[in-house]
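Shown next as structure tokens: one chain only, the form predicted alone.
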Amino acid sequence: MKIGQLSELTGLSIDTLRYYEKIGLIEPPYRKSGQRLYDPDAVRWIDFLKALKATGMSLEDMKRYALMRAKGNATAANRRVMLETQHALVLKRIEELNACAALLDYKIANYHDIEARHEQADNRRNAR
């Protein structure tokens, strides 16, 4: 597929795809008459890269992962360790976000109570 199609399927801009190719995150595609032609498997790989980025993994770590992936199964243990480390960071971040959400829930409920008391006071004043 051409780079425009890959861009549409992955949601990444053409510039980002070219940049990812330049820094080694995606393998250089086959070229025909100067046009990049990507393998359909590139979509799955890019979706995985997007997931890694969403976890907060740095581009440098993503590049290290991509380099190891290119070396094949001999690097499976190292890649697994990288993913386990990232997974632990994601779980920690989820805990932090859950604590933040609980605080927001408390504050929102508090404001509902304040608004309800204020409305009751207004209603009593208007009833007089």
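Heads up: residue numbers just count along the shown sequence, starting at 1. Quick caveat: nothing in here was measured; it's all calculated off a predicted structure.
This protein has a second form, the form predicted together with the DNA, left out of what is shown; the following refers to that one.
Comment: the DNA is not present in this chain, but in the predicted bound form one of 84, 41, 95, 60 has a heavy atom within 4.5 Å of it, namely 60.
Interface membership of residue 80, defined by any non-hydrogen atom within 4.5 Å of the DNA in the predicted bound form, is ruled out. By the criterion of a heavy atom within 4.5 Å, residue 31 is counted among the residues contacting the DNA in the predicted bound form.
Although the partner is absent from this view, residue 35 contacts the DNA in the predicted bound form, with a non-hydrogen atom inside 4.5 angstroms.
Using a 4.5 angstroms limit between non-hydrogen atoms, residue 120 is distant from the DNA in the predicted bound form. Partner proximity in the predicted bound form, defined as non-hydrogen atoms within 4.5 angstroms of the DNA, places exactly one of 98-106, 71-79, 51-59, 84-92 at the interface: 51-59.
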